[in-house]
Ligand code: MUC
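In the form predicted alone, a lone chain appears below as structure tokens.
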Amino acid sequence: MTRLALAEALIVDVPTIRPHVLAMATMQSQAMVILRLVDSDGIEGFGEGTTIGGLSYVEESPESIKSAIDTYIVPVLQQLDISSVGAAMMAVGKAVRGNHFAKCAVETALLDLAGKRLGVPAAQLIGAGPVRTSLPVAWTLASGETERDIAEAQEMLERRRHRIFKLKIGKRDVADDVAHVAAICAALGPDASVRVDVNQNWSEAEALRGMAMLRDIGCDLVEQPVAGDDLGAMARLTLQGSVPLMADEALRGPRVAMRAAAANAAHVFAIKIAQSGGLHAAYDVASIAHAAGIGIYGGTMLEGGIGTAASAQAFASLPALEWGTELFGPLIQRDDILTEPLHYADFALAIPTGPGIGVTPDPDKLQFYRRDRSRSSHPVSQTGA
């Protein structure tokens, strides 16, 4: 039996390379919960729980993620054979409701441990295993300034780092936002795919108007234009069909994804491991989309290197990924917390091939950026075999 010997969750705050302007918040830094588990054989596993803008995006925050892990989830893990990842997560699910981001961090760390124990990438432990070795990666233009966004996109094209661009809109009048997108579409031309994310900030009437205007300027995709819990409005907008609609905040795990698919509430699903509740839950959400004929996009919570690597392992196993991914989180951060950064080249991210999630955090960077220098760890006495 493999027991949990040590658990440590800490919050790190890493500055961003520029203000990241969303409809609901402007980010100057990213807060990440980094989880370290050590098993009774001395093997380390790492996970990450990251959200956007404190509580402005979802009901979980860095502080609540850490609290849920420390107070409620670790005591459950201390009673289990943590080498059985599925059984361990079932036990956590029975003891803790909701808290998808915290559960994702835990499952990531357990899969990292399992992969290292077996000597295989975590992707080998999901679905039927990996079906791809790299992932096309979008870049989000979120300065809010048209000329600055154009210059940034052109630089990315010249460096062959990104040719898919997502614009964060929704804070301005619909017409002003569309004019901003139109200028960028015109400047980039056929060399790039331009998409927008409204982050639920339009009414249904604004979305009808805005999506029709976006169609006329060559926008390829509109992400979550209205409230995620308004499946009726999403279904009506999907039926109207001016521009493909992608569900994001609407998707909170497989059950909600099933309701969204049954309601014909989207053309595309943004799959996020944290929002889904873990890597296996994300695979289930993607399977629902695939069965329903809904396109699949690999989303991000702007995770750092650990969460991005975990997402890459999950997306490596998806049978379809028609709309690419946006796993650029580490690139928007001013510093990288990994000993060896992820590899981005030729418009794609190379999926790590090492055991587990395939990356290792830099302990010195974690100590430098940790919010609270006092440790929060749970040593476990060895009473079982």
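Since the model is a prediction, treat every value here as computed from it, not as a measurement. One-based numbering along the sequence shown.
Here the subject shifts to the form predicted in complex with this ligand, a form of this protein not shown in this document.
Shown without its partner, this chain lists H180, H267, H280, K168 as candidates; in the predicted complex, only K168 has a non-hydrogen atom within 4.5 angstroms of this ligand.
Exactly one listed residue, out of L302, A102, I271, V222, brings a non-hydrogen atom to within 4.5 Å of this ligand in the predicted complex: L302.
Segments offered: 323-331, 356-364, 58-66, 41-49. Contacting this ligand in the predicted complex at heavy atom distances within 4.5 Å is 323-331. This ligand is not drawn, but in the predicted complex it has a heavy atom within 4.5 Å of D248.
None of the heavy atoms of Q313 is located within 4.5 Å of this ligand in the predicted complex. Though the partner is left out of this view, S276 does not reach within 4.5 Å of this ligand in the predicted complex, counting heavy atoms only. With a 4.5 Å cutoff on heavy atoms, T308 does not count as touching this ligand in the predicted complex; it lies far away. Taking this ligand as it sits in the predicted complex, the stretch 185-203 comes within 4.5 angstroms of it through a non-hydrogen atom at D197, N199.
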